[in-house]
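In the block that follows, a single chain appears as structure tokens, in the form predicted alone.
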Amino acid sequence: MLLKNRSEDGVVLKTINLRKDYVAGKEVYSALKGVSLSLKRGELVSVVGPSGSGKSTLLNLLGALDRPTSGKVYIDGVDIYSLNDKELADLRNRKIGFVFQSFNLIPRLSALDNVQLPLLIRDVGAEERRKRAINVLTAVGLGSKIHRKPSELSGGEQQRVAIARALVTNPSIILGDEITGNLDSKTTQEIVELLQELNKNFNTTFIIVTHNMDVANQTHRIIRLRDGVVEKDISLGKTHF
């Protein structure tokens, strides 16, 4: 089991009045208009809403991929946008995992080598990198396929590799952007059940942007955005599955 630093109140991620404006010529477009959220460790959360509601903008700000116009984002109690660019990059590598719709695997590398990449950036030794990568690949059901390249894996298996890569650094949160968008319904359900299992076993907080309400309804909590604000924040009364 991977060990985690725990904040005293159990809150792993918090936003306060988060706002993001984009300027185009003389026009100002507000993608987020003051979003305040608090997520505890071990929650499996979906973010839903129509196109243009602010879902991707919110994910980018939570993942430290963009800076807000105003407001705060705290991860494990750290005000992440008070950090300089180098400190922010280090926090992103240590605290945040990303999973994307298009998998973003390197075609020429094996599953094992793809998963080891984030550890290579952190200067983890070769033996430890290999051990940890094999552990998480086994956890996602690919222990027998660690030497296969992405082209030798199905879409669902490629997404499992991407999830393992996000998990290998033992992050506080994993952010997913339409991670089942390229998968058929059967494979989508398999990935959802995998996320539920990993959430339970590793107590990692997952935040998933999705348009698929069948996926959203299997999470602990649904945050619905509309026009840059939280329209609804619904607890589904689940802790672990």
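Each residue number is its position in the shown sequence, starting from 1. Keep in mind that this is a model prediction, so the values were computed, not measured.
Keep in mind that the form predicted in complex with a small molecule is missing from the display, and what follows is about it.
Stretch-level contact check against the small molecule in the model of the complex with heavy atoms at 4.5 Å: of 185-193, 50-58, 212-220, 36-44, the positive one is 50-58. In the model of the complex, no heavy atom of residue 175 sits within 4.5 Å of the small molecule.
Within 4.5 Å of any heavy atom of the small molecule in the model of the complex lies no heavy atom of residue 64.
Among heavy atoms of residue 31, some come within 4.5 Å of the small molecule in the model of the complex.
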